[in-house]
Ligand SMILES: C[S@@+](CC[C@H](N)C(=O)[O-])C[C@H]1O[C@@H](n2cnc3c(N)ncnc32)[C@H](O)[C@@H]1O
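Taking the form predicted alone, here's one chain by itself in structure tokens.
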Amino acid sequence: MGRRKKLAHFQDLHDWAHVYQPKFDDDLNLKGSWGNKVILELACGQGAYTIALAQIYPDATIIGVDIKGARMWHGARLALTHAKNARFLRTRIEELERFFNKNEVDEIWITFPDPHPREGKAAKRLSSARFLKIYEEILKPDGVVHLKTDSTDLYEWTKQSLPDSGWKILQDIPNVYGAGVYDEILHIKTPYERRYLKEGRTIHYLLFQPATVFSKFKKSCMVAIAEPCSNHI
């Protein structure tokens, strides 16, 4: 991308009311302002999944989070005409607690994050204990995290490490497109995902939640007498 075009894109981001760039506006006070149902997509890149989620959930506020403005511009531009309930927050994921109150977020999506395969980089993985602590602070009591990835190593590592961090796996799909069941949300395909599928990669999915929440939910199911509870949250 040429310098002139990139500068024009950055000006667009500055002008668009649905894009928030704290680095350039230190007076932003966003906590508690997002709406009743809030869904985040972390490391959203060009925002294709953010836009698709916004179309599926028109009554929710869908927020794509990324630090790269040049990538975010694509999704932010589409949101102007295709997803009025989509927002974009340009910040580092480590700083999420600056912009969301405790118990403000309903769901978090982590779609095709950098797997950081080197063992010494494990703390950078978005499903590591370091980030899980942040998610637990901003999630509602029954909030959940979705991980969708083409990295088998990240998928397996996350499965093994979640219990050590006090999280419970609610759903585990080793092969999203080989499960034999169509799911509109899980079958959203970004351009990158379409390329991965053409290359023959397997797409994995995990749904998880803090174990303390899961335990409380199970307990409430045991004492309910009106009708049986489902394990689906």
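What you are looking at is a predicted structure, and each value in this text was computed from that prediction instead of being measured. The first residue of the shown sequence is 1; numbering continues from there.
Just so you know, the form predicted together with the ligand exists too; it's not on screen, but the next bit is about it.
K.L.:
Name the single residue among Arg92, Arg98, Lys133, Lys102 that comes within 4.5 Å of the ligand in the model of the complex, judging by heavy atoms.
P.N.:
That would be Arg92.
K.L.:
Quick one: does Gly178 come within 4.5 Å of the ligand in the model of the complex, counting heavy atoms only?
P.N.:
Gly178: no contact with the ligand in the model of the complex.
K.L.:
Does any heavy atom of Lys68 come within 4.5 Å of a heavy atom of the ligand in the model of the complex?
P.N.:
Because a heavy atom of Lys68 falls inside 4.5 Å of the ligand in the model of the complex, the answer is yes.
K.L.:
Quick one: does Ile185 come within 4.5 Å of the ligand in the model of the complex, counting heavy atoms only?
P.N.:
Because no heavy atom of Ile185 falls inside 4.5 Å of the ligand in the model of the complex, the answer is no.
K.L.:
How about Ile169 - does it come within 4.5 Å of the ligand in the model of the complex, if we only consider non-hydrogen atoms?
P.N.:
Ile169: no contact with the ligand in the model of the complex.
K.L.:
Pick the stretch from 37 to 45, 200 to 208, 53 to 61, 169 to 177 whose residues have a heavy atom within 4.5 Å of the ligand in the model of the complex.
P.N.:
Only one stretch qualifies here: 37 to 45.
K.L.:
Within 4.5 Å of the ligand in the model of the complex, counting any non-hydrogen atom, which residues from 94 to 112 show up?
P.N.:
Those in contact are Glu94, Thr111, Phe112.
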